[in-house]
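There is one chain below, alone, in structure tokens, taken in the form predicted on its own.
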Amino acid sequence: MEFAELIKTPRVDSVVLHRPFYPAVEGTLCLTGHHLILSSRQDSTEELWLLHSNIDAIDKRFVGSLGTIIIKCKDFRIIQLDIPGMEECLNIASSIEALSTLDSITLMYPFFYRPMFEVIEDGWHSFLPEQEFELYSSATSEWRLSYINKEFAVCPSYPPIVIVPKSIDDEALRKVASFRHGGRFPVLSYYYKKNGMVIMRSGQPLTGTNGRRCKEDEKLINATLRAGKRGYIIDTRSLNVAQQARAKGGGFEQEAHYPQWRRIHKSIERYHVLQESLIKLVEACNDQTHNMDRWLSKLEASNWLTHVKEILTTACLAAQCIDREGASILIHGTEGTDSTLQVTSLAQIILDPRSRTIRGFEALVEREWLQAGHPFQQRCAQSAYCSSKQKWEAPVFLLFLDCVWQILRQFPCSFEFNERFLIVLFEHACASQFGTFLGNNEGERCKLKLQQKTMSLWSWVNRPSELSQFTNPLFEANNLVIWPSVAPQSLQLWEGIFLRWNRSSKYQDEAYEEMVNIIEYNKELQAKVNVLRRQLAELETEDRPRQSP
């Protein structure tokens, strides 16, 4: 298919653009296969370049021959275009609708994008499973790399290489895979070097109504326990939902077959409940007419902060099991691709100082989200404005980033990255020139040949010129476990995401710049103090021989 077939009117003059915090601009609107571009041809005015894949919904209205298109974006921005001529307006609107809902991934912009920057590091090879395993292998010899899934035949949503107990062979893994939802047998998520405890993740066991069991599954998860130790299974569904799953062939681990494991149910919502929550929250944030009571009531009705609290509470529980109880844990919900990953990754941020660095966090997103099979293509297909019927959309990754922001806000000196870094990850998960978040799992990415045909987001982010804008000036390495408060009073609306298009951040930006300047000045003064101290010490050393008799 040629993009030209979808573009009925490629160019319209005298279009007026209205967008948050900028004066209205008149210019020429151009449609390309991947972008909506408005150029005013005035040197002082910034152009608009909007990816079609960032468009969530469009509305049209007409007053006489003047047409208006309101574009609602996946990053929650709302843009208005005033277009002279009804026919041109209708043509532009239908072209945008067609170009923003392309079915084929290979027609998306990452396959056509050619970077204008020098590629210093190939991000596709920055965080390989073998490299992650090396970090653990110096501390333990009880685990191994398994290549059982190298053709993606055992588990379509797992990467080709996984870390499993050394005592379990690949034949046993095949039997366990047939007993777990989607073939997602228990694999290592995190090894806690302080006490040797581990976090594992999987899909639900397929026990069904007959209480089916799998001795290889029992042996696999027991292989992670130390002699005389108990473990915890954290099920991210309520007991009621887990019991209902048995009627559909799913289920949970029976105490009789897993006597050394204690099962804990922590209900985390998923799918349409989360999507509806996001829709309500964005609607509340966009309505500027609220009085205080109505705003607070709409914020509460969205339940967004309740979901944040549920996820953070479960992650804290997982971290407590590991650090304070000295017990290993297995985490799963139904599929093991959504709430499971929220909990495993947040527990690591609480426990592991490396996950709070820029590269460590990138490795975490790569390992616990991309390689672990979170279906980004499905979850991010629609955002808060799309009116078509939801299928698999849910703001799972955004909720995770929101939880990270809550911890960052409570521990502002413990993270090497800043809020801007989290916002950029959200934006690129929605729409991007990079191939990192395309596809639903490693198997799909492999078939699409993304490594050969697209650029990795990490190749751009990790360039020194870009890293500076994502670095937290307050960062001081903290090797301790950090325990966030999950009390309702401690959780706040993430203004940097939900209110950034509704009110100007000018004064906050100025304050941030001033803070950076003060910190830099303080460093300069500290360096001068150190030089003066050395000079004083040298003078005192020279003076001593003269004073001796």
Partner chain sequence: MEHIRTTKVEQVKLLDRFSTSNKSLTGTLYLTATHLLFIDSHQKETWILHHHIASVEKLPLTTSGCPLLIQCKNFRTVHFIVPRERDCHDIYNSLLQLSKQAKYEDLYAFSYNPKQNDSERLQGWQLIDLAEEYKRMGVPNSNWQLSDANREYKICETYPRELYVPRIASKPIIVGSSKFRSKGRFPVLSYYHQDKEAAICRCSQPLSGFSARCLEDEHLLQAISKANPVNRYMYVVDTRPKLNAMANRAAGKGYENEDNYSNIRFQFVGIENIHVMRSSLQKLLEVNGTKGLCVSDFYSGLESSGWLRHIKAVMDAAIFLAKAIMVESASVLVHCSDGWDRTSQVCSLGSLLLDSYYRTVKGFMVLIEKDWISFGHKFSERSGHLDGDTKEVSPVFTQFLECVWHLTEQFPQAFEFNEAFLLQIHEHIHSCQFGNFLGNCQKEREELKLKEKTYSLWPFLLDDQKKYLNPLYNSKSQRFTVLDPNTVSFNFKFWRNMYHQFDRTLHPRQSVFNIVMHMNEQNKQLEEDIKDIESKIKQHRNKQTEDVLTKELLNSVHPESPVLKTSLCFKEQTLLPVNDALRTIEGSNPADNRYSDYAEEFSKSEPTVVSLEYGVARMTC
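What you see is a predicted model, and the numbers here were worked out from it, not measured in a lab. Residue numbers count along the first chain shown, from 1. Take the two forms, find the largest set of C-alpha atoms that superpose within 1.5 Å, and that set is the rigid core.
Same protein, other form: the form predicted in complex with the partner chain, not shown, and the subject of what follows.
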{"item": "Proximity to the partner chain in the predicted bound form, single hit among 156, 249, 84, 412 (heavy atom within 4.5 Å)", "value": "412"}
{"item": "Proximity to the partner chain in the predicted bound form, single hit among 37, 66, 511, 70 (heavy atom within 4.5 Å)", "value": "511"}
{"item": "Exercise: residue 359 in contact with the partner chain in the predicted bound form, heavy atom 4.5 Å", "value": "no"}
{"item": "4.5 Å heavy atom contact, residue 114 and the partner chain in the predicted bound form", "value": "no"}
{"item": "Heavy atom of residue 30 within 4.5 Å of the partner chain in the predicted bound form", "value": "no"}
{"item": "Distance check, residue 24 to the partner chain in the predicted bound form, heavy atom within 4.5 Å", "value": "no"}
{"item": "Listed range touching the partner chain, judged in the predicted bound form by heavy atoms within 4.5 Å, from 126 to 134, 281 to 289, 439 to 447, 146 to 154", "value": "281 to 289"}
{"item": "Neighbours of the partner chain in the predicted bound form among 509 to 527 [non-hydrogen atom within 4.5 angstroms]", "value": "510, 511, 514, 515, 518, 519, 521, 522, 525, 526"}
{"item": "Exceeds or equals 2 Å, Cα of residue 24 between this form and the one not shown, core fit", "value": "no"}
